[in-house]
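Next comes just one chain, in structure tokens: the form predicted alone.
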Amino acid sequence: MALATPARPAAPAQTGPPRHRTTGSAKRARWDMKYSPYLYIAPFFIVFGIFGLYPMVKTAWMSLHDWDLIGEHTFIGFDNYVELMKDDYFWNALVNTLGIFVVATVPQLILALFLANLLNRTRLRGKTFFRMAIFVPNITSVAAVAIVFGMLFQRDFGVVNWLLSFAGVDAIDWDAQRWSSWTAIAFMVDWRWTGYNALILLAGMQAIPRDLYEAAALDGANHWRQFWRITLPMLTPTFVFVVLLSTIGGLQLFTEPLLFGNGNMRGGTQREFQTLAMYMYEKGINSLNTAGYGAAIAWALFVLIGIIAAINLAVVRRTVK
């Protein structure tokens, strides 16, 4: 008698989604992981391409032409750059730009570093108030700043000349000489931007572990030694960032000298304080038929900023090691 074969158990009912749906979901997940980061950063590159990269390329193309703002242009190669090397006004603007940059930026960085360290290490009451107070000049209207400093540096009734008179110094016509106009503009720049840089440096200092200062104090290191051996080396990335920002801003100086000269794009009667940015505007915008020459000045300024920024970066890294 043949034995009966046992019945096979019934296959369990499929409770999950169909296989093809699971595969589609996995593929979408892989695509999301692979391409979504590019979508997230795409807005920046789109905006940069429209308002940053395209103007740079357009300016470079214009600098190779005899271009006017009416629309007429003729290709002339590097003639604008050759003419630039022979232009006395260009070299005058270059000297003014570098001079104001040095006179303004060096004290600005030293003072910002001092203020940041003061707010970081000392036990001051109302630290938040002082941190807000040093940032106020940066959000003040530039026009208001120019009016105030214009009154301070007036020749006949200015407060600065009044104070100098007690030291026996004769009244100075601040906008009539190169050194005096550089000094006055440097005061304007430093008043606006020292607090801004100090806050950036303060943020970098607060990221330094407190344990390092406590250990150094136990070893007998005073505040100056702690600053030189701990604060500065660990602040290097932040300080380099501040130096680069100050370099770019200082070499592009435009508003402060323009308002100091009461809107005179020549920067004084003898161009005593005309910067490269002002000279570029004079040739590229005010003179309708020299837009190509103005574009060449813009690219010369761009190269200058790159060179000075690289030099500053190398010097700062070597100094604070």
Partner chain sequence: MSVSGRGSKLVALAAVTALVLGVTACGSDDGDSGTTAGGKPDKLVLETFSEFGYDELVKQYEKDTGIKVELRKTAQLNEYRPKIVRSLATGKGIADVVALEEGILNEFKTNPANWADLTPLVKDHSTEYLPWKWELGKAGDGRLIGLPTDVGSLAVCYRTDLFKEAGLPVERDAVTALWPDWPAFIETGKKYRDKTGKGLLDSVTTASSAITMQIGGDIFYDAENNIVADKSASVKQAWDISLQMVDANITAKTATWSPEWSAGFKQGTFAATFCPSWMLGIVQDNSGPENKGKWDVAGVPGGSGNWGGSWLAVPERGKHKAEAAKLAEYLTSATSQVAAFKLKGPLPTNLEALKNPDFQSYTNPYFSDAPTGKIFGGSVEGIKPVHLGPKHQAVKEQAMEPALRAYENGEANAKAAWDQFIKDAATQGAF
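Since the structure is predicted, the reported quantities are computational estimates derived from the model, not experimental observations. Rigid core (definition): largest C-alpha set, two forms, superposition within 1.5 Å. Numbering follows the first chain given and starts at 1.
Although it is not shown, the form predicted in complex with the partner chain is what the next lines describe.
Undergrad: Scan 252, 59, 255, 264 and let me know which has any heavy atom within 4.5 Å of the partner chain in the predicted bound form.
TA: Looking at the other structure, the residue within range turns out to be 264.
Undergrad: Considering non-hydrogen atoms and a 4.5 Å limit, which listed residue (220, 126, 168, 71) is close to the partner chain in the predicted bound form?
TA: Answer to the contact question: 71.
Undergrad: Please pick out the stretch from 222-230, 192-200, 85-93, 99-107 that is in contact with the partner chain in the predicted bound form, where contact means heavy atoms within 4.5 Å.
TA: Stretch with heavy atoms near the partner: 85-93.
Undergrad: Counting only non-hydrogen atoms and a 4.5 angstroms cut-off, does residue 173 reach the partner chain in the predicted bound form?
TA: Although the partner chain is absent here, residue 173 would touch it in the predicted bound form, with heavy atoms inside 4.5 Å.
Undergrad: Can you check whether residue 39 is within 4.5 Å of the partner chain in the predicted bound form, heavy atom basis?
TA: Residue 39 belongs to the contact set for the partner chain.
Undergrad: Is there any non-hydrogen atom of residue 35 lying within 4.5 Å of the partner chain in the predicted bound form?
TA: So residue 35 counts as contacting the partner chain.
Undergrad: Check residue 156 for me: does it contact the partner chain in the predicted bound form (non-hydrogen atoms, 4.5 angstroms)?
TA: Yes, residue 156 is a contact residue.
Undergrad: For the stretch 240-279, which residues lie within 4.5 Å of the partner chain in the predicted bound form by non-hydrogen atom distance?
TA: Contacts from 240-279: 262, 264, 266, 269, 270, 271, 272.
Undergrad: Taking the rigid core as the frame, does residue 72 move its C-alpha by 2 Å or more between the shown form and the other one?
TA: Superposed on the core, residue 72 moves its C-alpha 2 Å or more between the shown form and the other one.
Undergrad: Taking the rigid core as the reference frame, tell me whether residue 291 has a CA displacement of 2 angstroms or more between the shown form and the other one.
TA: Passes the 2 Å threshold, so yes.
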